[in-house]
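Let's start with one chain on its own, the form predicted on its own, as C-alpha cells.
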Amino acid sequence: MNNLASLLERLRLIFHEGTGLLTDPAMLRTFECDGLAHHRVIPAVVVLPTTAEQVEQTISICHDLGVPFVARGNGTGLSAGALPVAEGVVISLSRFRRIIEIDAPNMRAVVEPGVINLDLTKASVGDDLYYAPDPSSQQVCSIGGNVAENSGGAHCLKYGFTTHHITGLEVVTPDGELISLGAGKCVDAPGYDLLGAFIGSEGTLGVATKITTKLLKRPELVKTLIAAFDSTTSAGAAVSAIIASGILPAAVEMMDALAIEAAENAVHCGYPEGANTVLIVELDGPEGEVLAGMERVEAFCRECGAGELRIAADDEERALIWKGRKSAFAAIGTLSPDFIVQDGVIPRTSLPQVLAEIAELSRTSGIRVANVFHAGDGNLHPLVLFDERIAGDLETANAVSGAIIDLCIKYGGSITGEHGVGADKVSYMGKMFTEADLDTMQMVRCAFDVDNLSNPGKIFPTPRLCGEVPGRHHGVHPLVLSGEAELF
C-alpha cells in the first residue's frame, strides 16, 4: 500500500502500538475471517478503538488517504461480511462493551455496538424486560454486528428482525462525520428513513458507535413444545396447519435427523429418540391465550402424524430444548470436520418440495446436508458437510450449497434471510435482481460513500462508480451535477 507509512504515522498518534494498533502479522491473522472461515484475507492494519472520537479519527484518516476500512464486531457472521481488504484497515469494535442506559419507563436501552446480544437481556431482567432478537449465536454475537446484518433468530416469526427493535443510531459516516439517525427514544422521526437504510447495509454505509434499542415486557407465560415426526413433510404440514389456524407462535423451528444427532452429541438435549424430524413450537403471552393455543398446537401436531410429543415442564427443561436448537450449527462439528452454513428463504408452503430437492442433491452428490431452520417463516439453514482433506470435497460442497440458493430463487424466495450477502453471495445478486435494481440500490450507497471505502467488495457483484447513470455505467448522473445526490 503506497499510503501505508502515512496511515501508520497518523494512526500512531491515536492508538498505542500492539494494544490499540495491530500490525504484527501473527496478530493480524486473528482478524482474517469471520464465522465463514473458508473466506480469508489478512488486513494491513487493525485498530481497536474505545471511543467514538477514535472511530471518527480513524475513518477521517482513511478518507483522506483513500484507504478502505471494514468494521468488525465479534466475527460471528456467516457471510464473510467482515472479510478484510488486504490493503485496508479493520476497525474492531469489540471494546465498545458498555450498556450505557436501561430506561425501563420508556422501554429503551442505549448500548455500544460491542455489547453481547444476550447480555442486554440479562441486564434488563431486574426491570422485567428483555431484548427480543435472538440469533443462535446470541451468547457471543454483538448488537453492532446484528445491526449490520439485520439479524433475526428463532423468535423473529412473532417479533421480527433487528430492524424492528432499533430506534436510533449514532454513526460515523465514510467521510468521518458523526451523525445521528432515527428517533432515539421517541417513537418515530420525520424525513427519510435513513435508520432503515443503515440497518442491514452490512457496513457499507458507515460504522455505528451507539445504538438505541427497544425492550419488551416479559410475557406472562411461555410454553415450549417439542414433537417428533417421521419426515420433514409431515412436520411441515403441522407448521402450515398451525399458521393457517391464526395462531402466531413466538417460534417454530425444525431439525432433521442429522441435526438432531449433532445436537445430542454436543449437549445431550434429550430430544425424542429415533425421531426423523423434530418440531419446536413456542407460544408466549397471556396465560389463558397460551394454554388454549397450546392445546390446539398439540392437536395439529397429532393430526399430522406426530409420535412423541412433550411440553417443557419448567424453565430448565425449556432451556435444554433451546440449547439443542441453538447449538446445532456448532454441533455439526461432531459429525464433520468442515461444513458450510447456508441461509436462504422460501415460501413456507414450498418446504416439502424444497427439502425433497435438497435431499436429492445430497444423494446424487454424496454430500450430506443437515437441515435446521426457522420453519415458521421459511428461513432455511442447510448445513453442507464436507472434508477439505478429501480432494474435490470442498468444490462439490460449494456446488451443492450454490444449488440450494438457486432452489430458493426458483421457488420465489431470497438468497438470504438474516446472514447477509457479504462477500459469499455476491455472485447470486444478479440472479435475484436486475442490473437496474442493483444500480438503484447503489445510489443509496453512493449517497453515503462516494469513494466506496466502507466495506468495499460486499453485496454488489459489480460496484459502480458513484455518479454513473444507473444501468448504463457511464456518464454523470443528473443529481450529481445538480448537487442533489444526497436526496437520493
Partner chain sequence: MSSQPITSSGSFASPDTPRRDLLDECVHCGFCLPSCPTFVLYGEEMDSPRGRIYLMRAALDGAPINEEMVTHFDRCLGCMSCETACPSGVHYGELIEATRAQVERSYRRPLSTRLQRWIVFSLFPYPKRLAVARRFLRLYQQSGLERLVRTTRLLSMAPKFLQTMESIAPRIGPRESIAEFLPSLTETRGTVALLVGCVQGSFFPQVNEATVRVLRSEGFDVVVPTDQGCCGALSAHVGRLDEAREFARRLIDTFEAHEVEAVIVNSAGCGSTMKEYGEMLSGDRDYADRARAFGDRTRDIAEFLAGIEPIAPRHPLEITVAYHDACHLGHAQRVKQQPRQLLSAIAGITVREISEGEICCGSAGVYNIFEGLAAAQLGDRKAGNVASTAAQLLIAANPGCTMQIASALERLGTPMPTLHTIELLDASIQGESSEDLLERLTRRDGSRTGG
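Numbering follows the first chain given and starts at 1. In this text, all values refer to a predicted model and were calculated from it rather than measured experimentally.
Form predicted together with the partner chain: not shown, discussed below.
S.K.: Can you check 83-91, 394-402, 133-141, 222-230 and let me know which stretch has heavy atoms within 4.5 Å of the partner chain in the predicted complex?
M.R.: Of the stretches listed, the one contacting the partner is 133-141.
S.K.: Classify A330 as contacting or not contacting the partner chain in the predicted complex by the rule of any non-hydrogen atom within 4.5 angstroms, answering yes or no.
M.R.: A330: contacts the partner chain in the predicted complex.
S.K.: Given that the partner is absent here, does L11 sit within 4.5 Å of the partner chain in the predicted complex, heavy atoms only?
M.R.: Contact check for L11: no, nothing within 4.5 Å of the partner chain in the predicted complex.
S.K.: At the 4.5 Å heavy atom threshold, is D451 in contact with the partner chain in the predicted complex?
M.R.: It does not: once the partner chain is placed as it appears in the predicted complex, D451 has no heavy atom within 4.5 Å of it.
S.K.: With heavy atoms only and a cut-off of 4.5 Å, decide whether A123 touches the partner chain in the predicted complex.
M.R.: Answer no; every heavy atom of A123 is more than 4.5 Å from the partner chain in the predicted complex.
S.K.: Find the only residue in V67, C33, A44, A52 having a heavy atom within 4.5 Å of the partner chain in the predicted complex.
M.R.: None of the other options qualify; the answer is C33.
S.K.: Under a 4.5 angstroms heavy atom criterion, identify the one residue in N74, S234, S336, S362 near the partner chain in the predicted complex.
M.R.: Contact with the partner chain in the predicted complex is made by N74 alone.
S.K.: From first to last in sequence, which residues of 375-399 have any non-hydrogen atom within 4.5 angstroms of the partner chain in the predicted complex?
M.R.: If the 4.5 Å heavy-atom criterion is applied to the partner chain in the predicted complex, 375-399 yields nothing.
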